[in-house]
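Take a look at this one chain, the form predicted on its own, written out in structure tokens.
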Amino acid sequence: MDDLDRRIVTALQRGIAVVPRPFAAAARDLGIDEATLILKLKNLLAQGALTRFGPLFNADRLGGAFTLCAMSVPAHDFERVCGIVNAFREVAHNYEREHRLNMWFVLATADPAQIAEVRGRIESATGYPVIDLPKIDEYFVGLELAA
């Protein structure tokens, strides 16, 4: 990452304006043009320096719910189960960990009561139990990259 990449990551994790041209506004604050900002973000994603760039909604503040889930899936069945889990529109993201609980994903639903129902549907579809790890406290850790 170069100095501009670091400034972009640091600035955008603090938030982005909800305006008709959010990338133009963010670019202006960074002293660059909109096309450069968009290209830099695409490159950071392509290089793997960023794994995701997009909005983060607080489902619970919008009246919905979300929870972190974990599963223990045998290596020989991981890809099949991953495909099934990812097909659920309520799954926000899914990632593999090197641990007995090797599949982790977030469920987000419009209604808190739907969490248990969707979790049950995933268990039925995959044949594996889903461990529900609901949020008790929330912490935010910012990443400040020296430019």
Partner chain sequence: MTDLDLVRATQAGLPLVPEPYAALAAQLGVAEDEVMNRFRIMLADGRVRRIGAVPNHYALGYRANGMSVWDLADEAVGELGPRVGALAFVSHCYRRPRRPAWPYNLFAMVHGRDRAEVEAQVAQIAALLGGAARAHDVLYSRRILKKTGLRVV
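Numbering follows the first chain given and starts at 1. Note that the coordinates shown come from a computational prediction; the quantities given were computed from them, not determined experimentally. We call the rigid core whatever largest set of C-alpha positions still superposes within 1.5 Å between the two forms.
This protein has a second form, the form predicted in complex with its partner chain, left out of what is shown; the following refers to that one.
I'd like to know whether residue 29 contacts its partner chain in the model of the complex, with contact meaning heavy atoms within 4.5 angstroms.
Output for residue 29 is no: heavy atoms all beyond 4.5 Å of its partner chain.
Going by a heavy atom distance of 4.5 Å, is residue 1 a contact of its partner chain in the model of the complex?
It does: once its partner chain is placed as it appears in the model of the complex, residue 1 has a heavy atom within 4.5 Å of it.
Classify residue 128 as contacting or not contacting its partner chain in the model of the complex by the rule of any non-hydrogen atom within 4.5 angstroms, answering yes or no.
No, residue 128 stays farther than 4.5 Å from its partner chain in the model of the complex.
So in the model of the complex, is its partner chain close enough to residue 33 to count as touching (4.5 Å, heavy atoms)?
No, residue 33 sits far enough from its partner chain in the model of the complex that none of its heavy atoms falls within 4.5 Å.
From first to last in sequence, which residues of 59-94 have any non-hydrogen atom within 4.5 angstroms of its partner chain in the model of the complex?
The stretch 59-94, when checked against its partner chain in the model of the complex, contributes 59, 61, 62, 66, 68, 78, 79, 82, 86, 88, 89, 91, 92, 93, 94 at the 4.5 Å heavy-atom cut-off.
Core superposed first: is there a CA shift of 2 Å or greater at residue 90 between this form and the one not shown?
No, the C-alpha position differs by under 2 Å between this form and the one not shown.
Core-superposed C-alpha of residue 62 shifting 2 Å or more between this form and the one not shown
Where the cores coincide, residue 62 shows only a C-alpha shift between this form and the one not shown that is less than 2 Å.
Report the direction of the Cα distance change between residue 63 and residue 51 in the model of the complex, compared with the displayed form, as closer or farther; the change is 3 Å or more.
Distance between the C-alphas of residue 63 and residue 51: shorter in the model of the complex, by 3 Å or more.
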